[in-house]
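One chain follows as structure tokens, the form predicted alone.
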């Protein structure tokens, strides 16, 4: 090794290059991150552990840390009490329809605020943000009366249509679209004869895909976990969602925690799959949004 190589090696050591992993500060950071990851992941693991123990042996001290022998029995008990596949399909269908419609209409609204000059745009945008500050619980009674007047009670429509163009989604997409879509590119498309709807589909949607990914994932998870509105608007068990049926399952089984925990474990699986497969898109989209915002 000549003097030049030694200098480069010393420079890498000093500047935090390939040997930075050996630094005590970096090692301590990874240890803390691993401990935090285990702390956040443990509740999910513990739900699956509790789902595998008999009812009379679930909540004991010291608590169970490993799976037990009763998962199959609890699984059959769950299926005897609820129409599992129907309610799971209802949750998946409602969450998917809500996600697709919210992505489309919120992207359209965000593009209008970000790229078009409209009279009173700032006032309208401020009013829209004010609606986001009103707690949802305050609007339940008038919302319920409107749904009754429209004849949508006990249907999927109130779970999908009122939120299609919500304030959070439009605000999020406005922040993503404004720096991502060049005005000159839209003008060039208009000169070539492209319609405004064509510009939305062929230019704005592709360039705003990182924001669309974040909005889509957040919407799907939020819609999948929705309980209060589904509990009020969908009293029929054949039409309602899986979280509502799980809440009713506890009273049906008179304390059947095993079946309840199996239901909770199954309800977690789609969310875990979404987070595992789309975690990179979530992190990239949030990072990009924070840098551009």
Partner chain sequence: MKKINFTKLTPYFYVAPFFILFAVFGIFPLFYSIVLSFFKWTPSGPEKFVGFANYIRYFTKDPYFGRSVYNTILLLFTGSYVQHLFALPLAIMLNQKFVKGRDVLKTIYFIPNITSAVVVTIIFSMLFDEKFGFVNYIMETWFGLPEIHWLSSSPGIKATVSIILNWKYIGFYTILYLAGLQAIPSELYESAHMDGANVWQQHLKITIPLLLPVIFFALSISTINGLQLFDEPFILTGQYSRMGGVDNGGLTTTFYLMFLGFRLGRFGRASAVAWLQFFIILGFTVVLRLIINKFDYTIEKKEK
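Residue numbers count along the first chain shown, from 1. Heads up, when I say rigid core I mean the largest set of C-alphas that superpose within 1.5 Å between the two forms. Only a predicted model underlies this, so the values are computations on that prediction, with no experimental measurement involved.
The protein also exists as the form predicted in complex with the partner chain; that form is not presented, and the subsequent description refers to it.
Contact here is defined as any heavy atom lying within 4.5 Å of the partner chain in the model of the complex, and by that definition not a single one of 97, 188 and 273 is a contact residue.
Residue contact with the partner chain in the model of the complex: residue 75 places no heavy atom within 4.5 Å of it. Proximity of residue 154 to the partner chain in the model of the complex: non-hydrogen atoms within 4.5 Å are absent; the residue sits far from the partner.
Contact annotation for residue 166: at least one heavy atom lies within 4.5 Å of the partner chain in the model of the complex. Contact annotation for residue 145: at least one heavy atom lies within 4.5 Å of the partner chain in the model of the complex. Residues of just one listed stretch (177-185, 89-97, 219-227, 206-214) have heavy atoms within 4.5 Å of the partner chain in the model of the complex: 219-227. Residues of 179-213 that come within 4.5 Å of the partner chain in the model of the complex, judged by any heavy atom, are 190, 193, 196, 197, 200 in sequence order.
When two forms of a protein are overlaid on their rigid core, residues whose CA moves 2 Å or more are considered shifted, and residue 225 is not one of them between this form and the one not shown.
Comparing the forms between this form and the one not shown on their rigid core, the Cα displacement of residue 237 stays under 2 Å. Core-superposed comparison between this form and the one not shown: the C-alpha position of residue 78 differs by no less than 2 Å.
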